[in-house]
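Next up, structure tokens for two forms of one chain, structure 1 and then structure 2.
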Structure 1
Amino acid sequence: MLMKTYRIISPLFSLAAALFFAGCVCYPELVEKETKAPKSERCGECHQFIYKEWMQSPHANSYTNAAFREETNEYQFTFCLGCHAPETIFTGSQIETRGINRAEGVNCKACHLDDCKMSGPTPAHGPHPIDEKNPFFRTSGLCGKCHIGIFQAWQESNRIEGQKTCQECHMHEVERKLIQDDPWQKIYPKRMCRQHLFIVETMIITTENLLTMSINEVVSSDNSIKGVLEIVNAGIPHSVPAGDYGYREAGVVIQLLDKTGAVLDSQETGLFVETKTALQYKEKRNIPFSFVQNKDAYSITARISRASFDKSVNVLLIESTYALQ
């Protein structure tokens, strides 16, 4: 006896599929500009994972953070505003500042609105105007629209040898659906895409030895413990730290520890863009250190961290330990 099998298809799924393949534009307001522009939370209704990541990122508070407000004298230096609250980066030589929703900083539309369509690096279909699979999104030139100095440094390093793009180091790759909202997510396949946290990828720095550090020439005497910390920017295609304006610091901390990990003595120095002490691409630098001898001394540890203006954020880039016993 033959049995027939029937699959029940959700009406919403059928409707979404029909609209998907027909290229129907249901939400044209999502690509509006100026005073009609929607807030990024509208994008977050469908692109939920990306929106949550962006909310935690430096881009989301690029306009409202304390350092930017202080350095622009409460937004009086207007030439800075275009990159910190852009209408869209797809303009001529000068990026225009948004008239509304400036508190969102570098929002979704700032990077994805191109000629009245939402644009991205992957094939896409959706309920708003889309310019699918724009190859520009896979190049460092995208980030270089605002991060001009870093982009120029990257270009110089890239002439010497092949380098990762900005996205490969600062936007971790994950496999997931681009859309999480129903019914659209049901017809959208999983694919490799990038997180929108825009952070320093410490894992890439350490596993690929882009930045290396070693504690050398350690000499212990009756009165002191001396040595040299060697740091090398072996493969980060710009300075450490990097940036065009504002506060940029990478703190170097060398500590003498006892067996429990308690700090017996400490030495600190900073790498700054402003004072021209940043570690340049392919540069090797030796930092001597000296501690007062201590009978409980067990090890020496060193680390480099990327510090924020108010010290509330301290991202560890690399660390190294030298055993004394």
Structure 2
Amino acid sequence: MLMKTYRIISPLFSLAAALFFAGCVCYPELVEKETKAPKSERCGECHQFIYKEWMQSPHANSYTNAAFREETNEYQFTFCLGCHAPETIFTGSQIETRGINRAEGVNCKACHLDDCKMSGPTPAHGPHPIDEKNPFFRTSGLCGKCHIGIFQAWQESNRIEGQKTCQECHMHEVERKLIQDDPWQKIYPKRMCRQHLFIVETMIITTENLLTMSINEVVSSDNSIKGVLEIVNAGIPHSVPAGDYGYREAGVVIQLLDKTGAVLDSQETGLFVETKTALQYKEKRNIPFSFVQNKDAYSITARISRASFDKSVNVLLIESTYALQ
């Protein structure tokens, strides 16, 4: 019994002691800067879940994506590169471009390395140097360093009516360990932390009624089926779509369907930042529609999706159906 307890406690104790005596000097290479900075893969050896999520996120593609390469003329426009491959966001002036590992885009250390220490939201202790708790991580201002226009819209709506932070919607909260590697995962308990996907899932949009729509005033006559689609940005404290850069479209598709779901007629419009047709916070918009009458008409369905220019990305945000029969 004693032996068993000893076997469990002993490695933990020596590890804790090692940490204590080593102070901040463990893994000094993790907090190197500029050309000596580690790749994000290194962070992924311990922070495995966070690394996998970040890899799928738009931030990991922000330097290599086709639209960015094209619009910067294959990285010729150097003034564009800072936010897409930043050295660090902890700078008073303009964000500088990284010298190395640019393909990683907005990487771990761009958001977390502040002055030779890993900066984060809590006063955590780990095997690498960690700063005191940094409250900046729980504020929308962190995202606002690069998402300038969206942050301004958020500030405006936050002034009118207190809003959630960007993180509360875009970094889903979960209870889990921060590390998935031995021996550390044996020592550190689960805690509340946030996923690093940065995209709001469709399910949350629906359950929290952030974006709503309804099909109203439907009139079926001899030659047509007419009506009005009402869309409301009920709870997103920035426009839909949002952003200052790149192609920003939210496509609205309204379709007349038969009993099998086959499309009889269709009407499409786009909401764009560029043409100032984006749906602002709390804005309600009516989109009239008119279809040619069809004896097989069974239902009307409407969808809003976020789309890229070549339509390779087409993420459904919300959907609604109206039964005619």
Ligand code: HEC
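As the structure is a prediction and not an experimental result, all values here were calculated from the model. One-based numbering along structure 1's sequence throughout. Only the largest set of C-alpha atoms that superpose within 1.5 Å between the two forms is called the rigid core.
*Asks:* Of the two forms I pasted, which one is the form predicted alone: 1 or 2?
*Replies:* It is the first structure (the form predicted alone) rather than the second.
*Asks:* Using a rigid core superposition, assess whether residue 308 undergoes a CA shift of 2 Å or more between structure 1 and structure 2.
*Replies:* Yes, because once the rigid core is superposed, the C-alpha of residue 308 moves 2 Å or more between structure 1 and structure 2.
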